[in-house]
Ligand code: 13P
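This document opens with one chain alone, in C-alpha cells, the form predicted alone.
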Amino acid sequence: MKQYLVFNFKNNPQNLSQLDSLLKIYHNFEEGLTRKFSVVLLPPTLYLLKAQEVLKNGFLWGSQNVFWHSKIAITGEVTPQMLKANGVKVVLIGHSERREYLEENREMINLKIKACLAANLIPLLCVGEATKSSQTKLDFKSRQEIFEDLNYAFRGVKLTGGEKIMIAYEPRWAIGTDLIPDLTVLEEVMKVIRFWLSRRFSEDLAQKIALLYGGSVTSQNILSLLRVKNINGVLIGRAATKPLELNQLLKKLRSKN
C-alpha cells in the first residue's frame, strides 16, 4: 500500500485569506504528493467544502471529529452521515488534545469508532502514552497505557475483514514539544501494536490496518520516520498549516524516491 500522509489543520487557519494561501501550497505540490502517497487533509469543518472546491483531485478528505448518534439533536456536533454526504472518508478519533482539553473519554472514543464503522467511514484512532521515559525505552508502563487505549477503543468491535481502520501512535509527551521517540523505540511500538491487533482480531486483519506515527513531525524528521519498519505513514499537526515549514516538508516528500 502507499504510505499515508495525514495533515491535521487543527483549528487553523483563522480566516479565508489565510486558507486561500495555505491551499495554494497544497495545490502546488498536489500531483507529486498524490502520485507517491495517499494524502488525507483534515481541515476544520467550516472550511471543508471550500477546500474541496479548490483542491479537486487527488486528496482524500477527513474530519477532525464526529458525533456518534444521527437521531439525537446535539448542538454543534457533526454526524457520520453528514460527513459521508460531503465527501469525507477518514475521521480522526481520540486525539490527545481532545482528551486533555475537552475531556473526551474512552467511552466516547469507542462510540465514535463504532459509529464510523457503521457508516463505512475510516476511523483514524490515536493512541499513546504520557510517560516521557518511552522516548528512549518502551517500558512496561508505556506498553500498558497503549494496550489500555486499544482495549477500550475496540471494546465490542467486531471486524469481518472488509472494514478499513487506521491507528496513529501519538505519544502525548511528543505533541508540540519537537521531541520524537528514538526510531528503534518507534519500530518496537509498531510491532507491539501489530501484535495486539493480531491477538484481538487476526494476523491477516492486523497486517491490513495502517499504522501511523504522530507527534512533532517536521521537515527535518519526516523522511527518517517514513523509513521506520512497519510504519505506514505519518500524522502531521503543526506543520500542516505553517507555510514556511509546510513548504519545506512538502519539498522533502516530493523528492522522496
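We number the residues from 1 along the sequence you see. On a predicted model such as this, the values are computed, not experimentally measured, just so you know.
Just so it is clear, the following notes concern the form predicted together with 1,3-dihydroxyacetonephosphate (13P), a form of the same protein that is not shown.
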Of 142-150, 168-176, 81-89, 181-189, which is the one stretch near 1,3-dihydroxyacetonephosphate (13P) in the model of the complex, taking non-hydrogen atoms within 4.5 angstroms as near? 168-176
Within 4.5 Å of 1,3-dihydroxyacetonephosphate (13P) in the model of the complex, heavy atoms considered, which of Asn232, Asn65, Ser216, Thr34? Ser216
Taking 1,3-dihydroxyacetonephosphate (13P) as it sits in the model of the complex, is Lys10 near enough to touch it, meaning that at least one heavy atom pair lies within 4.5 angstroms? yes
Is Glu104 close enough to 1,3-dihydroxyacetonephosphate (13P) in the model of the complex to count, meaning some heavy atom within 4.5 Å? no
Please tell me whether any heavy atom belonging to Glu97 falls inside 4.5 Å of a heavy atom of 1,3-dihydroxyacetonephosphate (13P), as the geometry stands in the model of the complex. yes
Quick one: is Leu249 in contact with 1,3-dihydroxyacetonephosphate (13P) in the model of the complex, heavy atoms, 4.5 Å cut-off? no
Residues within 4.5 Å of 1,3-dihydroxyacetonephosphate (13P) in the model of the complex, restricted to 228-244 and counted by heavy atom: Leu235, Ile236, Gly237, Arg238
